[in-house]
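Below you will find one chain, with nothing else, as structure tokens; this is the form predicted on its own, and questions on how it binds or moves follow later.
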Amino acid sequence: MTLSEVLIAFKSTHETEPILFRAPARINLIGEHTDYNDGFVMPAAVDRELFFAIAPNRKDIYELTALEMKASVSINAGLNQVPGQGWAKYFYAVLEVLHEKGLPLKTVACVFGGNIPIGSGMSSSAALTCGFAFALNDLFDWKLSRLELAKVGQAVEHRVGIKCGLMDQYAVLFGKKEQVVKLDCQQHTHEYAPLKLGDYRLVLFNSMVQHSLADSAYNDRRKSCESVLDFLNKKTGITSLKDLTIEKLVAFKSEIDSVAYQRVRYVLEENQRVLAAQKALMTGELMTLGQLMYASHEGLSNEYEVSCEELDFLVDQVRDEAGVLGARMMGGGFGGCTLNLIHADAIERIQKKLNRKYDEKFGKKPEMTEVVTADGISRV
């Protein structure tokens, strides 16, 4: 779905001239499940986007149309009836959070669509919620900062049922072309690192396994880490896993549930991998970056246990291939995509191999998407 298609659809049903906005998807180069543990992450906004055409409608309802789903929903201005459709619940929650912040809401007509693969781990929900909030903020000149908008998006996810950190929302709002964002999720501060890949490309292979994080073990992982933090807080006064060293964790190993210990150890190791990846990007050591990606996947699969058979298969199939520097599962897990660092000349060969092998194993082919970094949410 293109920007022009969204604009045409809006004009076909509404008489007013809309304002146009774009909200990108995101990838996460490294640093998975560390955001809600106050750790480090390294995401980037990419060139897969949602487009919004939006204008005040001077009615007593919000008129929302999802082009790709061929569905329209009305939400009354009083916000006293939650819509039944899944996607519309996100819009409703955005409005609810903004209303509770005391902002003077006005009803709008909004048509949206785009080209972000749903359920792929590219955070289409962050693009949707932050994109809509950004558009309303721009339209009505509320002067909310990008950080405030990111927190609105996070609050929306919590209401819908995902106790996520701030990474996805931060990435889609603060992303920059040819840069990754090294985010400190405890301090909500960031640095940019250059993503100079030369002849290498960022390639996603979609396992075609749809994940629903609200119904998965995602929230259980968070509770597991929080239980260890609570225990260590009572023992040592520590208030964040980001301030915990592996040595101190090991000292309390015998007093911590073995599974919870494993989860937290992964988080601490992953934080160190993010810092090492930042250094590798600054010095142009792509081979080191690739090895860190593989190590991240091993931790996610074996220690944090949020991978699945299909994701592990996709990583294993490229591990020893010439032209592939690194690969890892990306996103919340239990499905979605792997992120791969592949030489441009090897992409076609790797894709053909995976199509054949994956079809033999699972009876389907992994969808491939090549991405490049992009700027964060903006008015078009």
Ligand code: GLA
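Residue numbers here begin at 1 and follow the sequence given. Here the structure is a predicted model, which means the values were calculated and not measured.
We do not show the form predicted in complex with the ligand, though everything after this point is about it.
Interface membership of Pro43, defined by any non-hydrogen atom within 4.5 Å of the ligand in the predicted bound form, is ruled out. At least one heavy atom of Gly31 is located within 4.5 Å of the ligand in the predicted bound form. Contact check for Gly332: a heavy atom falls within 4.5 Å of the ligand in the predicted bound form. Contact annotation for Gly113: none of its heavy atoms lies within 4.5 Å of the ligand in the predicted bound form. In short, of 23-31, 334-342, 65-73, 48-56 it is 23-31 that has heavy atoms within 4.5 Å of the ligand in the predicted bound form. This chain is displayed alone, yet in the predicted bound form one of Ala109, Leu144, Leu229, Ile162 has a heavy atom within 4.5 Å of the ligand; that residue is Ile162. The contact residue chosen from Tyr200, Trp87, Tyr218, Tyr261 relative to the ligand in the predicted bound form is Tyr218, the criterion being a non-hydrogen atom within 4.5 angstroms.
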